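Here's a solo chain for you in structure tokens, the form predicted on its own.
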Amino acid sequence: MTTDVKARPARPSEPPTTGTGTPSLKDRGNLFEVAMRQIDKAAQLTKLDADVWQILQQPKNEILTNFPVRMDDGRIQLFKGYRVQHNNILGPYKGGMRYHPEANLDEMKALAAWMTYKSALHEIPFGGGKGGIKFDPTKHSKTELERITRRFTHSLGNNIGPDWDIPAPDVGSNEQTMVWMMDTYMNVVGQNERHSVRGVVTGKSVNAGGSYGRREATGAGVMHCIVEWAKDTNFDLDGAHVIIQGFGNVGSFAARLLSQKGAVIVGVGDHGGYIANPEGLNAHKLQEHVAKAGTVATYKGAAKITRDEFFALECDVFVPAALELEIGVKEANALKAKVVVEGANGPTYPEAEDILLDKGVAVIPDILCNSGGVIVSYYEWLQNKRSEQWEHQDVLDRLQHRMTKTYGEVRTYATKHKCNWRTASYAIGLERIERCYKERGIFP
């Protein structure tokens, strides 16, 4: 195997915006190219074997399926589904199922690749995968969502499985989605194997074989990284001002857990708008409101602000927990935070990260801090394999141990190699994957 790696040229990636100042999803640029630019830096740093790098630059499998579903009114609608399987050298493909009208192949390729390195970073025996359906789930009834999910699962067939490819919830999907997928797969494999394949998906409800702690896992992982950063910098979280973009599962639980540490949530935004309260927002009440109203924008306990005003708020901690590529050059210049903790996948453009680092803003990357979900998904998968049910606190303790352990490894690597934390995180993952390829070789 050769040892030289050629870097890709940098490309401009400032996001175009809509009339409201929110970046247009379809115009944000090619997410897969952004992902590869990030990973290139680590490949250069580690002097990654060029043959291994060639393998990792494209997914192993890209599955597209167009499937018909009968709507409540009797008409037939055709849906496009995706499943990208990036790499499985370390274990079964693992990754979420995204239900979103702007879902596309390049997005899935990027998210699947990130999952590969996220699992490798945390030494979880999983590979990387990602999938979903290109549609707006909010425009469909629960019965239609069930039929769409079941038909999609059936179309995927044996492209998923508890020892091959394991889906999980993502944007637009949830516990119920996973239960439907599991039940459909159970009915496909046959009666005598039904209960041995519960691990075909993770993120299920506890009643259906899910794990305690999975619901809050990603937000808890974000919180643990913030706590470790505060220890490293001698920063007191009690009274610290926090702003959070995105208030779904990740953002809402991060807000609740940080509030328990004494932090004050002074600004929150989502797809519906942005709100702020310098005295602090009640994370529990806001989470309850969003569960009913679907957005933070109509919450009565805060003032409405613009997106630009949100990014300019005085704060100590910023948690982007919405969609990818939300932080461009404009947002990076406006931010006043001491640390950016990426609860979302790929929320920061490379140029924007350079600006933040130059300003002295710490950036804790997504593959480190938002990985609580895949860690507890691994625990759920183990419980299913062993026909066990772990105690809630046991799961949370295991999660904290693994998050703090990996955080320390990244800190040590970044210090030793004088690189930023994102590059350090990818480098650790790449080195583990490279060692595995060199030991196993290429068949035949």
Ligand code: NAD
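Bear in mind the structure is a predicted one, so any value in this text is a computation, not a measurement. The first residue of the sequence shown is number 1, and the count goes up from there.
What follows is about the form predicted in complex with nicotinamide-adenine-dinucleotide (NAD), which we do not show.
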message: Looking at 321 to 329, 77 to 85, 350 to 358, 225 to 233, which stretch has residues with any non-hydrogen atom within 4.5 Å of nicotinamide-adenine-dinucleotide (NAD) in the predicted complex?
response: 321 to 329
- prompt: Check Val171, Gln245 and Ala344: does every one of them have a heavy atom within 4.5 Å of nicotinamide-adenine-dinucleotide (NAD) in the predicted complex?
  reply: yes
message: Exactly one residue in Thr153, Thr218, Thr177, Thr202 has a non-hydrogen atom within 4.5 Å of nicotinamide-adenine-dinucleotide (NAD) in the predicted complex; which is it?
response: Thr218
- request: Tell me, out of Phe126, Tyr117, Tyr185, Tyr274, which residue has a non-hydrogen atom within 4.5 angstroms of nicotinamide-adenine-dinucleotide (NAD) in the predicted complex.
  value: Tyr274
- request: Answer with yes or no whether Gly267 is in contact with nicotinamide-adenine-dinucleotide (NAD) in the predicted complex, where contact means some heavy atom within 4.5 Å.
  value: no
nicotinamide-adenine-dinucleotide (NAD) contact in the predicted complex: Thr149, any heavy atom under 4.5 Å: no
message: Within 4.5 Å, heavy atoms only: does Asn370 come near nicotinamide-adenine-dinucleotide (NAD) in the predicted complex?
response: yes
task: May I ask you to check whether Arg98 falls inside a 4.5 Å heavy atom distance of nicotinamide-adenine-dinucleotide (NAD) in the predicted complex?
output: yes
